[in-house]
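One chain comes next, on its own, written out as structure tokens in the form predicted alone.
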Amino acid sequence: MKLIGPFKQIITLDHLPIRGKISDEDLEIITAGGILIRDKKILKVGHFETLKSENPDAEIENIKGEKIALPAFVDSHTHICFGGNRAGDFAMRNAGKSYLEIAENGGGIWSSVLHTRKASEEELLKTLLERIDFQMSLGIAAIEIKSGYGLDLENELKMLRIIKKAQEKTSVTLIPTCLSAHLKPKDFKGNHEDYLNFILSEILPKVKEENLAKRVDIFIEKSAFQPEESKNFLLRAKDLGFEITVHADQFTPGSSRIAVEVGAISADHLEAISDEDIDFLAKSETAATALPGASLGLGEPFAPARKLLNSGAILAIASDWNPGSAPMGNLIAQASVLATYQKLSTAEVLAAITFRAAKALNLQDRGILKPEMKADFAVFNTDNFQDILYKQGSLKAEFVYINGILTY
């Protein structure tokens, strides 16, 4: 048993709703607090000196100076296993080139596919671990990571195997997702339906056999896969035993409704979602994941986070870190900017990158500092939790504890 503290403030995020609006006044803030840990889980959170006197046999891990603690963050949508970079795409986009023009000049997702196929397993693992370490420096202890830059059997499995290897080398929880349905590869002989059938008959059985991922994603968009074929694909993937998530409503509306209809755990992007579909999504158990990094990278509108919350949706915020549309990778900076433009309370943002993001990954054991939860928490060198968003990503975590062990 171990007692860590004292902290100037502990923001537990306990006693908050899983959906809808939250006021900062709703936050539980424990001053001069401590976190009591046993067997990788939180035993109790409370006043440090009280916990110390009640548990005289506890090992004390003293925190010096005025610091705050809160649940470690969860990044529920990333593409951080990739080869190469697309700085040229970014420059061309800023210079006014269209998506089609960029693709014709060798850019776009297909560029990342070629670079990822060419990269060695050692190179992909090294860069993936570097990105995971950066995420941890922000206070993130759980990261979803998609395939989708292989787009054939060999390279999709290569990506997912690398994510599995990375899990053996980090204490950060990695949640792999099979995104073979990112787009139809240029070198596939057949139409979109043929390719989706190929994923279902050739890729997903191997993924299941090797236990490489329990989640399947698809990009529903005019430039990728169409609504009806996508819905059929998702239902068949679900029949194979996979959890479902969807790239939905990024440029055109309608696919978030499909996500709800197939029972997806989350619908991600939502920049183009209609008011009618906001209400439809808000009444479901499907989490609505905003990806402000993609809006910043593409110069597109943000997902209507305020409307989603007002309607009662389960709002998560994730980085979408990828080499093309969201190269920044700083979840805290992105969430801070989204809060400014969408008028989100600090409590709503913190919920969206902790327990609500955990909900978007079907993780029931983290995101709140309370008994029986996984002892994952981040410590910041400040006496005021509001500084995390106020500093807009420049305030990094001083310590990150995973399973109650100082990891960063």
Ligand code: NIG
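These numbers come from a predicted model, not from an experiment. Position 1 is the first residue in the sequence shown; the rest follow in order.
Below: the form predicted together with N-(iminomethyl)-L-glutamic acid (NIG), not depicted.
K.L.:
Each of 22, 286 and 356 near N-(iminomethyl)-L-glutamic acid (NIG) in the predicted bound form, meaning some heavy atom within 4.5 Å?
P.N.:
No.
K.L.:
Can you work out which of 109, 264, 332, 136 has a heavy atom no more than 4.5 Å from N-(iminomethyl)-L-glutamic acid (NIG) in the predicted bound form?
P.N.:
Looking at the other structure, the residue within range turns out to be 109.
K.L.:
For the chain shown here without its partner, which stretch in 274-282, 301-309, 72-80, 232-240 has non-hydrogen atoms within 4.5 angstroms of N-(iminomethyl)-L-glutamic acid (NIG) in the predicted bound form?
P.N.:
After filtering at 4.5 Å, what remains is 72-80.
K.L.:
Hey, in the predicted bound form, does residue 90 get a heavy atom within 4.5 angstroms of N-(iminomethyl)-L-glutamic acid (NIG)?
P.N.:
Close contact is absent here: in the predicted bound form, residue 90 is far from N-(iminomethyl)-L-glutamic acid (NIG), nothing within 4.5 Å, heavy atoms only.
K.L.:
May I ask you to state whether residue 116 is within 4.5 Å of N-(iminomethyl)-L-glutamic acid (NIG) in the predicted bound form, using heavy atom distances?
P.N.:
No, residue 116 sits far enough from N-(iminomethyl)-L-glutamic acid (NIG) in the predicted bound form that none of its heavy atoms falls within 4.5 Å.
K.L.:
Does any part of residue 250 reach within 4.5 Å of N-(iminomethyl)-L-glutamic acid (NIG) in the predicted bound form? Heavy atoms only, please.
P.N.:
Heavy-atom contact with N-(iminomethyl)-L-glutamic acid (NIG) at 4.5 Å: present for residue 250.
K.L.:
In the predicted bound form, does residue 198 have a heavy atom within 4.5 Å of N-(iminomethyl)-L-glutamic acid (NIG)?
P.N.:
Answer no; every heavy atom of residue 198 is more than 4.5 Å from N-(iminomethyl)-L-glutamic acid (NIG) in the predicted bound form.
K.L.:
In the predicted bound form, which residues of 136-163 put a heavy atom within 4.5 Å of N-(iminomethyl)-L-glutamic acid (NIG)?
P.N.:
Read in sequence order, the lone residue that approaches N-(iminomethyl)-L-glutamic acid (NIG) (within 4.5 Å, in the predicted bound form) is 149.
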